[in-house]
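In structure tokens, one chain follows: the form predicted alone.
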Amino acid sequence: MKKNKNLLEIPNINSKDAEFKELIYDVNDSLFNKDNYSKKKFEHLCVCSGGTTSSCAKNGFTTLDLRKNYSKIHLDKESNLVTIGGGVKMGDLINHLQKHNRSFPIGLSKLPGAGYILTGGVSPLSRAYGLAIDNIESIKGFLGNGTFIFLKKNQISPEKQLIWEAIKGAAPFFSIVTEIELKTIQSNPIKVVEGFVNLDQLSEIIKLSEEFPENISLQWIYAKKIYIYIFAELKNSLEDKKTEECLILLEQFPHLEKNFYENFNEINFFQQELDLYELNTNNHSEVISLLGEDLENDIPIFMKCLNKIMDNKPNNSCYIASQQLGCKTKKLLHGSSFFVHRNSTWKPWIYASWKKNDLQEKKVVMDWMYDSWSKLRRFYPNVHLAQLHNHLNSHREELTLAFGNRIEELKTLKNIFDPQSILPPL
């Protein structure tokens, strides 16, 4: 074990400011030693793969930092499968793949690590290629009891099937994944239609988007103003014709710009220069992600609800944003993973931010986050557990809404394979 707080430089400000106990860089047998990790000495282990979550370092907790020793990337040029370490950032992954004209459906940020994949992984490319977890071919790592695991798709024994399904969506609760093998995709040109819109225009665009083909998706953010990205992958002449037929409908919004990119890697979503929200190192934050189906006839009611939420936001650092799922994410087998809400079309998230150490503002902001969640539930009743909130009172409810009828299976796996609760608790 090593202890050097200067080595844990991470993007998440909450975790960066944490007075953690110590750092570990290697997964080995000593990690699971009862003498090292009795509940009297330590509640559970935090794991850092990319460092974008508030749960990768906490006051008084030990962090396992995978980024130093598990950062290799290897692409097999024959199979086009890529093997990555558990500490690889998504930006580094697509940078590597781009050298070989390949890509992977990463999210809107290039900063997350393998945790992005293992908790689901929603991308602008998901409608065409599925969630990140749908592209996992094999994993290596350790269960919370120290048992080494190597699982390969289509070679799973019946007794390991439940572990394989749970790894895809709920891995952080009972396992430490050190290596993942992934399918990659052909790198294609991208057209993005983007710009500021008002509420009425957003309403019309959401209505259009629910009829988009699988190669087009909508992303939007409502901070000081509303900014949208309509993302279109250009594959072949037949699909490109259909794409243009869809995009021509957007010409009724003259302020939107069309930008062409050679590949997905060139795009930077929600850039800081847009002045959409404060990216302030003096702020702490929490994020809760929701899931729901097509809005359809509820779009007008949703827009009124959204406007009311934003009218009541406590500061300019708070915002609501959303990504579009559907198509392939709905067609894949529902029982194949612990991402159980396969009927979802939308993944909105609530970003709540306050000046760190200002407990009064934190309470106001958190109250706004929970109130916003309660207002949005009628449209988005479920949760995407991309962030672990075991430090919040809403944790158990989030677990139930994230894993649905598979929560009892997850608890069973936790009891069997992480009996000391070394990993984040349920």
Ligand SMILES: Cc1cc2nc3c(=O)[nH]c(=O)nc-3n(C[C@H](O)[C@H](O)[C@H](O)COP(=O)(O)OP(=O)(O)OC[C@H]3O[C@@H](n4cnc5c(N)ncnc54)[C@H](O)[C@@H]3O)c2cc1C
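Quick caveat, the model's predicted, so the values are computed rather than measured. Counting begins at 1, following the sequence as shown.
Although not depicted, the form predicted in complex with the named molecule is the subject of the following passage.
Problem - Contact segment among 72 to 80, 157 to 165, 104 to 112, 198 to 206, judged by heavy atoms lying within 4.5 Å of the named molecule in the model of the complex - result: Going by heavy atoms within 4.5 Å, the stretch is 104 to 112.
Problem - in the model of the complex, Ile176 touching the named molecule (heavy atom, 4.5 Å) - result: Taking the distances in the model of the complex, the answer for Ile176 is yes, it comes within 4.5 Å of the named molecule.
Exercise for the section: Mark Tyr222 yes when one of its heavy atoms lies within 4.5 Å of a heavy atom of the named molecule in the model of the complex, and no otherwise. Expected result: Although the named molecule is absent here, Tyr222 would stay clear of it in the model of the complex, with no heavy atoms inside 4.5 Å.
Practice task
Flag Gly144 as yes or no: does it have a non-hydrogen atom within 4.5 angstroms of any non-hydrogen atom of the named molecule in the model of the complex?
Solution key: Although the named molecule is absent here, Gly144 would stay clear of it in the model of the complex, with no heavy atoms inside 4.5 Å.
Problem - Proximity of Pro172 to the named molecule in the model of the complex, heavy atoms at 4.5 Å - result: Contact check for Pro172: yes, within 4.5 Å of the named molecule in the model of the complex.
Exercise for the section: Could you spot which one of Ile139, Ile288, Leu118, Ile216 gets a heavy atom to within 4.5 Å of the named molecule in the model of the complex? Expected result: Going through each option in turn, the one that passes is Leu118.
Practice task
Would you mind picking the one in Ile133, Val122, Ile230, Ala352 that has a heavy atom within 4.5 Å of the named molecule in the model of the complex?
Solution key: Contact with the named molecule in the model of the complex is made by Val122 alone.
Problem - Residues in 381 to 415 close to the named molecule in the model of the complex, defined by a heavy atom within 4.5 Å, in order - result: Read in sequence order, the residues that approach the named molecule (within 4.5 Å, in the model of the complex) are His384, Ala386, Gln387, Leu388.
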